[in-house]
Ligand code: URA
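Taking the form predicted alone, here's one chain by itself in structure tokens.
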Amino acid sequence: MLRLDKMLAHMGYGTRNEIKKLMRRGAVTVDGETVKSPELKVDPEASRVFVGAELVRYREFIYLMMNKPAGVVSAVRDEAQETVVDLLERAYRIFHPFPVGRLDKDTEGLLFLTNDGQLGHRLLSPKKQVDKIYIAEITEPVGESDVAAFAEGIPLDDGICLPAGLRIPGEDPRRAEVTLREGRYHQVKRMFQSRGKEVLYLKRVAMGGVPLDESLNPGEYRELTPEELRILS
């Protein structure tokens, strides 16, 4: 059971004070009865709550998959730059979602957004070692020595990386697939730099066993399916 004003505030109908004003105007009904008490406890799953003519469809959490475009920062807010949250419709922004981890500003691909802190922690916890798979286009061909170095653990200035997968998924040796189990700052780029190679293009294509929906254009997003959520959980 939830307080009615808390439920409506969670769903983006205003602050607690604004919701009280709505109630005083008789704009809120519960199961057909006009309600003016913000303290009223309701069952968000069973009670039929209306604000005006709009039925309130309560949800506690949202889970989104986005194909992040280049040029957008992985943050909730930024004073100077567009963020991934800015790309969302208001119907999702009212839940105050956050990106699960970060992709560099110029990196594209799979990004999860949610307001479920437990899921976010589970996917980012170093103890869980969740796989993150990237496609990188680089300046120099990848060789067997690079594959071995990634598997052993690339030393960087902030410590040795965990063993990472490196393979060539097609015929072009300058297009590599990298599998990480950690998420350091600019990690893929720095790992290749340590091998004398520069990353020209980087895209995350999977995380935690869930691949990017390639039907999503850059900047587009959709809700996770129940099966995808089950895999991540």
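Residues carry their position along the shown sequence, with the first being 1. Since the model is a prediction, treat every value here as computed from it, not as a measurement.
Another form, the form predicted in complex with the ligand, is not on view; read the next lines as being about it.
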*Which among 185-193, 36-44, 23-31, 50-58 is in contact with the ligand in the predicted complex, heavy atoms within 4.5 angstroms?*
185-193
*Can any non-hydrogen atom of residue 202 be found within 4.5 angstroms of the ligand in the predicted complex?*
yes
*asked:* Within 4.5 Å, heavy atoms only: does residue 103 come near the ligand in the predicted complex?
replied: yes
*Proximity of residue 112 to the ligand in the predicted complex, heavy atoms at 4.5 Å*: no
*Though only this chain appears here, would residue 134 touch the ligand in the predicted complex if you measure heavy atom gaps against 4.5 Å?*
yes
*Could you run down 27-47 and flag each residue that has a heavy atom within 4.5 Å of the ligand in the predicted complex?*
none
